[in-house]
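One chain is shown next in structure tokens, namely the form predicted on its own.
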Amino acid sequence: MADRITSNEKGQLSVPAVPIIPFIIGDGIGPDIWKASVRVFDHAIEKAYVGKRRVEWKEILAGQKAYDTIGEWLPDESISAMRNYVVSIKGPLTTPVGGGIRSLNVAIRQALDLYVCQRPLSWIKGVPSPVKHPGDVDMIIFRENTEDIYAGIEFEAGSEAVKKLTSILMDTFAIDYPFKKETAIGIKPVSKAGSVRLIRAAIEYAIQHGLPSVSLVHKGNIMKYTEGAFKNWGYELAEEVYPDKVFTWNQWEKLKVEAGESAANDALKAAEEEGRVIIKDVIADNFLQQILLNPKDYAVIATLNLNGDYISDALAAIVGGIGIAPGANINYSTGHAVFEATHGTAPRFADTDTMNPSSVILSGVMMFDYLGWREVSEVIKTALRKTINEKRVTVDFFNQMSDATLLKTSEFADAIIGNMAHQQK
């Protein structure tokens, strides 16, 4: 009998054998890629559990379909369903033009306080890439999801609000900036609470998965009280809460001053040999170079909202593009999570049955891992890799491969499902 997923006061999930999982089909290419993906999911569950488990999919409305059906872009009922059923999955959504909601995706994240945007980036052999060694990239991004400039605190150039704010900044705080006549102003909120819960999730993920490092990516050399504070709060958290499990560059710097560089290096080497997670930091612009030059040096990345947006898409390009990049929005305190395609709606290709469904499929892999159904995830990943290695692909990869077979969206799903048949249970 189908039942809902529940979570306890620590955010730990209780998943029934037949969970009810809400889905948003998405706009533009959303219906095509969802229909393909859900068939992959259902066949993988059957392959893994032979009838002992399944998912009951519950459609909820958001985006263009919601507006066309009931005249609302993001109905309260859909948010309530996401909250009540705990775990959801969605396709890409249109952001309405004009006033009101600035982004449906941001609105969902804020409504459920989904403070972690989690993006795993690793290369699947055979996927076309613009770099020589895409296999060197194996990172997971923890992007803060509720603060920074995405909080949406902005004032239009020439508005009365900007005039008042400018006067306060100049007269009350003596801000030495030559405000021009047509100047818009945005405010960047970064809190200790918001930063710490994001960095805590990243560190605990690294500890649980035996990963070597967590890198705090920031622009603290310029924005000292926001981005710089993010870095400092991260080191403070790591040293106070996980003293026996981590070693920080901050501790290395202190040892270098107190005992010399050789002693500091010995301590770092000992920590690595003990399997401690190394907590380090890197300036955001330098990090965008490092992901091309030395990607093997990085495993888990914790960063603020805007940095995370840029970094995630840059890494996605290295491993094959956002068409194959999965994503999740998670609140580890409550257990709520929404898994999603990370690309746009591509309305020009709606109903053409041509686009790559891999972003939704791999987001489903993340979802099944989150539910503890790892057998399903392995079935899907193995079949997807085999299909790509066979060069049976959709148009985005076909145009970059030689001797490939061009498949429609639905045919790509068929090929993945076919490659599940020969897997051992």
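As the structure is a computational prediction, the values presented were derived from the model and not from experiment. We number the residues from 1 along the sequence you see.
The next section is about a form of this same protein that is not shown, the form predicted together with a small molecule.
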{"item": "Whether 139, 284 and 311 all lie within 4.5 angstroms of the small molecule in the predicted complex by heavy atom", "value": "no"}
{"item": "Residue 33, heavy atom within 4.5 angstroms of the small molecule in the predicted complex", "value": "yes"}
{"item": "4.5 Å heavy atom contact, residue 143 and the small molecule in the predicted complex", "value": "no"}
{"item": "In the predicted complex, residue 267 touching the small molecule (heavy atom, 4.5 Å)", "value": "no"}
{"item": "Contact test in the predicted complex: residue 349 vs the small molecule, heavy atoms, 4.5 Å", "value": "yes"}
{"item": "Segment that reaches the small molecule in the predicted complex - one of 87-95, 162-170, 176-184, 197-205, heavy atoms within 4.5 Å", "value": "87-95"}
{"item": "Residue among 356, 363, 387, 377 with a heavy atom within 4.5 Å of the small molecule in the predicted complex", "value": "356"}
{"item": "Residue among 228, 212, 344, 128 with a heavy atom within 4.5 Å of the small molecule in the predicted complex", "value": "344"}
